[in-house]
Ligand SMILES: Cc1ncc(COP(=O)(O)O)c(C=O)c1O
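Just one chain is shown here, as structure tokens, and it is the form predicted on its own.
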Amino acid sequence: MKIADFELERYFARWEFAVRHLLCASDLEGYPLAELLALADDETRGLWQGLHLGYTESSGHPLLRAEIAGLYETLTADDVLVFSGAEEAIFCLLNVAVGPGDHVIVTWPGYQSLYEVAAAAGAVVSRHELHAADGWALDVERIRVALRPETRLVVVNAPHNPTGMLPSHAEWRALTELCAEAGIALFADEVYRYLEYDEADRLAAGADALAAGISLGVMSKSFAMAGLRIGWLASRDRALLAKCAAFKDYTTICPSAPAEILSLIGLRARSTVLERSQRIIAANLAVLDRLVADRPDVLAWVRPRAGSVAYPELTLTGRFAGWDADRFAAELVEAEGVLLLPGSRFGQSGKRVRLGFGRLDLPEAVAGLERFAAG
């Protein structure tokens, strides 16, 4: 397989662990291991203390798959396949679901593997571009017009990275009905599910919304446990999951034994875990709301509706006139050790940056940004 470099990951490989403040991280402040273990019930505590570091079941620990299935309305453990992170799940799914001659529609800008892997597998990919002028809204009618006889998959990340877009219930229902009527699978990247700012806005999971729906989940984002590297696909299409499982025999084969048990602990205590994530997001959003209101000379945004990222535009006036996001980010990280992610890493030139607000040091990072902007 020939595939383009993953621009975002190459950028983070250079900078992520070399800066003081990561003001563009997509994940939440990592959950402390000691605090997680304190949440264990008797069964999971026993599993952890008695753990043997051997191979695990390739489809995932039965208890973990059952717990993941509990996140959905219509699924059982047999409708869940566990992977080593969401990235592996994306890679396996797109390699078995589409190939030469197939057509895929993917929301964009977005996580590069959601469209790059499909293209590398031979599919023709149409990018459904979201626009700030439309509030980053999903346009179901444009998707309808873009469908072809050979369309096999529609890929939607919601809540969305990097914009924070979340479709309305009506928009989501229209999309799922469109896919169902056309006989097209919907791949719903839902890694930020449970980070809606209003719980009433939470959408039906893709795997619940239609028979050909596929949901992607992970411990990295809403559950703040990126270091576990546990993700999953959930779908009532068990034949598709079986193909993914067979493909996974050529990647990691099976998940990490310690990571599975820790994920099980976290999911069983998800009300506590998610409350922490939501508290961090709410506090940081208040800081960013103040920044946007007080410093229109720094940035402007369409306020996100869910998740831990936003995609503002740098206003770049005064001494920054003529700069683009790449130059601003490069100068900022050198001056203040604060990292932003330029839109060029999503294939978009100009003044947009991804801003992440899931980390506890966000107030210090914003202070550094303001110092730099003040000159």
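Numbers follow the displayed sequence, beginning with 1. All figures in this text were calculated on a predicted structure; none of them were measured in a lab.
Although it is not shown, the form predicted together with the named molecule is what the next lines describe.
Student: Among Arg229, His128, Arg268, His103, which has any heavy atom within 4.5 Å of the named molecule in the predicted complex?
Tutor: It is Arg229.
Student: Find the only residue in Ser215, Ser263, Asn161, Ser222 having a heavy atom within 4.5 Å of the named molecule in the predicted complex.
Tutor: Of the listed residues, the single hit is Asn161.
Student: Heavy atoms within 4.5 Å of the named molecule in the predicted complex: which of the stretches 171 to 179, 187 to 195, 120 to 128, 272 to 280 has them?
Tutor: Contact criterion met by 187 to 195 only.
Student: Contact check in the predicted complex: Ala86, Ile90 and Asn157 versus the named molecule, with a cutoff of 4.5 Å between any heavy atoms. Do all three pass?
Tutor: Yes, the whole trio is in contact, each within 4.5 Å by some heavy atom.
Student: So, in the predicted complex, is Thr44 in contact with the named molecule at a 4.5 angstroms heavy atom limit?
Tutor: Looking in the predicted complex, residue contacts with the named molecule do not include Thr44, since no heavy atom lies within 4.5 Å.
Student: Mark Ser26 yes when one of its heavy atoms lies within 4.5 Å of a heavy atom of the named molecule in the predicted complex, and no otherwise.
Tutor: So Ser26 counts as contacting the named molecule.
Student: Need the contact residues for 331 to 359: heavy atom within 4.5 Å of the named molecule in the predicted complex, sequence order, or none if there are none.
Tutor: Nothing in this stretch is in contact.
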